[in-house]
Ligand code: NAD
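This document opens with one chain alone, in C-alpha cells, the form predicted on its own.
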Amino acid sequence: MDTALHRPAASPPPLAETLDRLRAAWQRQRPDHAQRMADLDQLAVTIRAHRESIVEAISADFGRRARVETLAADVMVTLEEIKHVRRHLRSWMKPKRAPINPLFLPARGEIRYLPLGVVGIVAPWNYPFQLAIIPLVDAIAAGNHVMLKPSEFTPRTSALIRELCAAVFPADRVAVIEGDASVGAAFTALPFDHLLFTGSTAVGRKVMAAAASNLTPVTLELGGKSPALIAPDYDIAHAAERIATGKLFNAGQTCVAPDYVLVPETQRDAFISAYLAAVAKRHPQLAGNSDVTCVINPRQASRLREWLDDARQRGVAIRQHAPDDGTQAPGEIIPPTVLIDPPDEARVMQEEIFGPLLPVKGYRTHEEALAYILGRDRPLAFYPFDRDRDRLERTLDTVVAGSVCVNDTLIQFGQHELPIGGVGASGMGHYHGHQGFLTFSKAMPVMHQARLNGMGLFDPPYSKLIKRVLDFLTR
C-alpha cells in the first residue's frame, strides 16, 4: 500500500454529526457540472495510481484473491463506469422537454434533474471496491454528497477506500465510515436523502425497516438463487463452460453467480461431467494456484461445509474437484462441488449459496423447469441457454428476474446501460450508468404557464361555455 496514503484514521465524529456536516455543506454549495466532472476525473486518476494497492488489500482480506479477478471486476469495471458517466453527464443534467396535455396549451413542461442531498451507501465484502465506488460515482455524478459504509469483513480494503476518498474529496463532501455491524445498523437508521444497500436479503429486510422510520427512499441490491436453465437441445459442453466461468469467478462469491442449474434429466450426467472437466481445465490445482480465489473467511467456509454435510446427510450424491498438490493455501478453499438433484429442503436449495457449490437438477419438460423457477422468489439474475428463438422468447416473457444474460453468465453486470437491480426478494431499484444518475436524482416536473391561457374559464361562477365543454369532453 502506498505510504503516502497509509495513515491512521482519526477518531470519527458521531454519525449524525457527520451527516449534518455533509448536508450543511451541500446546502451551502451544491456541486455543479464542473465540480462533479473534476471529482470524477480525480477519482479515476487516483484509482489508476493505486491499483496495485487495491489488488494487495483485497487479496489480503480474502486470504488470496486472483489478481486478474480484482483488476477486471473491481478496478476496470469501476474505471469504465467513471469514463461512461463523464462522457454523458452534461446531457443527463440538461432539463428534458415534456409534452403538455393539449387542453392546457400553450403552457410547456420540462423535467429537471436535481440532486437529492446526502446519499448513504452500504457496500458488501464480495467485491469490496467496485460495489462501494460505483454507487459513489453515480451519486457524485448526480450532485450529491455521500456517506459510505464499506464492509467490516474486508478491513484492509475499507481502510484503503477511506484513504483514497480522503485524497480525492473534501471531508464535507464524502465521508467513509468504518465499523462493525452495530455501526452499520446505526448508519442505516440515519435520515439520508437516499440509501443504497448491497448485501443479503435477510439484512436487506432490516435495512428497509430502519429506513422506514425516516421515510428514507431505498435501493436494495440483494441476492437470491439465480438459476441457469439449459434448453433440451442446447450444446451441453458450451453451457458447462460458461456456467463454470460464472460459478468459479471470485470462488462463486458473486450476487449474480449461477446458483443452481436446471438441465434435461437425460443430459444431467453429461452436463456434470462437462462441468467438472471445465473446472479442471481452469483450475487443475487449487491450493497453490494464484488464479484461485479463497472463500473470504472461516465463517463463510464453515457455512459452506455445513451445507455440504447437510446434503450428505440427506443422501445427496456429491462430486467434487479436489486439490491435487497438497500445498497449504494461505486462505480458505472450498473445492468446486456438484450436488446432484438435492431436495428442496436441503440448505443449498433454501438460501443463496455464495460459494463454489453447484446444485444440478434434472427436469423432464421445459415447462416443468419454468414452473420450478416461477415457484421460488424472483431471482437477481437468470441464465437461459437456448438457441430456439420462439422458445427463448416465451421464456423471457415468463420469468421475471433482476437481469438476464442469454447463453452466458455474469457479463450483463458490466454493461453501463443495462441497469442493475433486483425484484422482490432480490431487491428494488436500479443503478449503473444513466439509471444510477436517475436513482440519485429527483426528476422534478415543472410546468410553465403561458401568459395567455384559458384557465380562467374554470373559475367559479362556472359559465355555460365551460359546462358545455366539459359535457362534450366527458360524454
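Position 1 is the first residue in the sequence shown; the rest follow in order. Quick caveat: nothing in here was measured; it's all calculated off a predicted structure.
The form predicted together with nicotinamide-adenine-dinucleotide (NAD) is left out here; the points below concern that form.
Contact check for Thr198: a heavy atom falls within 4.5 Å of nicotinamide-adenine-dinucleotide (NAD) in the predicted bound form. When contacts are judged by a 4.5 Å heavy atom cut-off, Pro384 does not count as touching nicotinamide-adenine-dinucleotide (NAD) in the predicted bound form.
Remark: Pro258 does not count among the residues lining nicotinamide-adenine-dinucleotide (NAD) in the predicted bound form, judged by a heavy atom distance of 4.5 Å or less. nicotinamide-adenine-dinucleotide (NAD) is not shown here, and in the predicted bound form it never comes within 4.5 Å of any heavy atom of Pro135. In short, of 400 to 408, 231 to 239, 262 to 270, 200 to 208 it is 200 to 208 that has heavy atoms within 4.5 Å of nicotinamide-adenine-dinucleotide (NAD) in the predicted bound form.
Shown without its partner, this chain lists Thr188, Thr395, Thr337, Asn250 as candidates; in the predicted bound form, only Thr188 has a non-hydrogen atom within 4.5 angstroms of nicotinamide-adenine-dinucleotide (NAD).
Just one of Asp193, Glu163, Glu352, Glu332 comes within 4.5 Å of nicotinamide-adenine-dinucleotide (NAD) in the predicted bound form, counting any heavy atom, and that one is Glu352. Looking at 125 to 162, the residues that come within 4.5 Å of nicotinamide-adenine-dinucleotide (NAD) in the predicted bound form, counting any heavy atom, are Trp125, Asn126, Leu131, Lys149, Pro150, Ser151, Glu152.
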